[in-house]
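We give C-alpha cells for two forms of one protein chain below, kept apart as structure 1 and structure 2.
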Structure 1
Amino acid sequence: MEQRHADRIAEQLEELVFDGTFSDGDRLDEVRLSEQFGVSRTPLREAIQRLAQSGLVELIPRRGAFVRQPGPVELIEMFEVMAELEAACGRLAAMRISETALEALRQANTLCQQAVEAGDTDSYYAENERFHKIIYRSSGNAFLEQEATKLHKRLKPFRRVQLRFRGRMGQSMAEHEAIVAALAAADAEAAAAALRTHVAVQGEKFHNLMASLRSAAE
C-alpha cells in the first residue's frame, strides 16, 4: 500500500528539524512548503499536526507553526532523562539479557574499538548506536525500548559534539566495557549506574562545549 503524503512529509519535516535545516523560531510557510513537497496544503497541514504533537513545532493559532529547537537548558534536561531511561534499560537488561545479546554487545564494542583506532568516526557512531539499541531491546520492555529509542533519536544531532573533547572515544570505550561487565554479572545496580554515568557524561560534555563556545563568542 502506498504511503500517505501526510506521513511521508511528516517524516521528512522531522528530519529537517532534527538536522538543523530549520532553526529555532522558523515559521513553516504552508504555501511554500506544499509547493516544495509537490502537494496541496492539506497533507502538509496534517503533517504539521504530527510535529506539533511531538513538540517539534509550536502552533500559534492563525499565526503559524514555529520550529522549536531545544535550548541549552532543555537539552541538559533531555540528556538527564536519557541517562535515566538508559539506566532503567540497563537495570532490566541485567536481569533479562540473553547470551546472544551479550555476545552482540561485545561484538559491537570490538567494532567500536577498531573504529577508534582507525579514527573512523562514522563507524564508531554506527556501532555505538547498535550497542545502545541492543541494551534497549534487552530490557524486555517494548514500551521502554520505544521511549528510549525516540529520545535517543531526538538527541542524535547533539551527541556528536562530545568528540571534540580529547580522548572521549577512548573514555567511552572504557565505559562500554564496564556496562558489559555489569550486564554479564547480572548486576542490575551496577549496570544502571554505569549507563547513567555514561550518558550523563555526554550531556556534560555538550554543556561544557556550549559554555566554551559562549566564552569564545564574548
Structure 2
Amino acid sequence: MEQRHADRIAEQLEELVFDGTFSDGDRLDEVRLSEQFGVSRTPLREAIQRLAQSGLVELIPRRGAFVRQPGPVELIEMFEVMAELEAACGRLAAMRISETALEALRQANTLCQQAVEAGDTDSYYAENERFHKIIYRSSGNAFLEQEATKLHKRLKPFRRVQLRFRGRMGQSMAEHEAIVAALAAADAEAAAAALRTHVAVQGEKFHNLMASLRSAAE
C-alpha cells in the first residue's frame, strides 16, 4: 500500500513541477505536502526520493528537497546515452530473445494500442515501461540491463511528458511495431536502429520537450 501511495504521489509531484506549480529552486515542504495528499511522511519521502533519482529534485542535507530542472544540454546528453543503451539492448536481444519474451512484447503492444485509442497516456506509459524492460532483460546482459534501467528511471518524468504531445502516442506505437518486427526477424542492426530512433530526443521532439519545460518554469 505504501509503495502504491509513493508511486501515485511521485507522479502527482511530477505534474506539479511540469505544470509550473513548483518552479526551479522551490523547496518541497514535507508537512504541507503530506497534508495536501492526505498521507503520512513515509510515502511522501519515498516519492521525493524517486524524483531525486530522476534528477527532478535535489536533496540538500539539513535543508530539504528542492526542485531542480535539468538544463537542455544535460537533458539531451542523458537522452543521447539512453538511446545508445537501448540500441545495444536491442542489438543483443535480436540474437537472444525468447519466443515467450516476444509474445510478452506483443501483449504489451496490444495494451499500448488500447491506450492510444482511449487517449490514456498513463496507461500507455505503464505498458511502454514494461515493453522496454522486457527488451533490457532479453539482452541477456545483466550489467547492461542494470545501467539501462537506472537511466530509464532517471528520465522517466521526461519520457512521460513527451507522450502528451499531439500525435506522439500514435507515433510511439508505430515505432514499437517496428521494434518487435526487427526482434522477431533477428535483425540486430534494424532492432538497434529502431530503438535508437524511438528514444532519441531530436528535432521536433526536442523542441516540444524544451517548450514544455520552459512553460513550467515561467
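Just so we're clear, the structure is a prediction, and the values are computed from it rather than from any experiment. Numbering runs along the sequence of structure 1, starting at 1. Throughout, rigid core stands for the largest set of C-alpha atoms superposing within 1.5 Å between the two forms.
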*For this pair of chain forms, which number matches the form predicted alone?*
2
*If you fit the C-alpha atoms of each rigid part, what angle in whole degrees does the small part swing through between the two structures?*
34
*asked:* Keeping the rigid core superposed, can you check how far the CA atom of Ser34 moves between the two structures, in angstrom?
replied: 16.0
_After superposing on the rigid core, how much does the Cα of Gln69 shift between the two structures, in Å?_
5.0
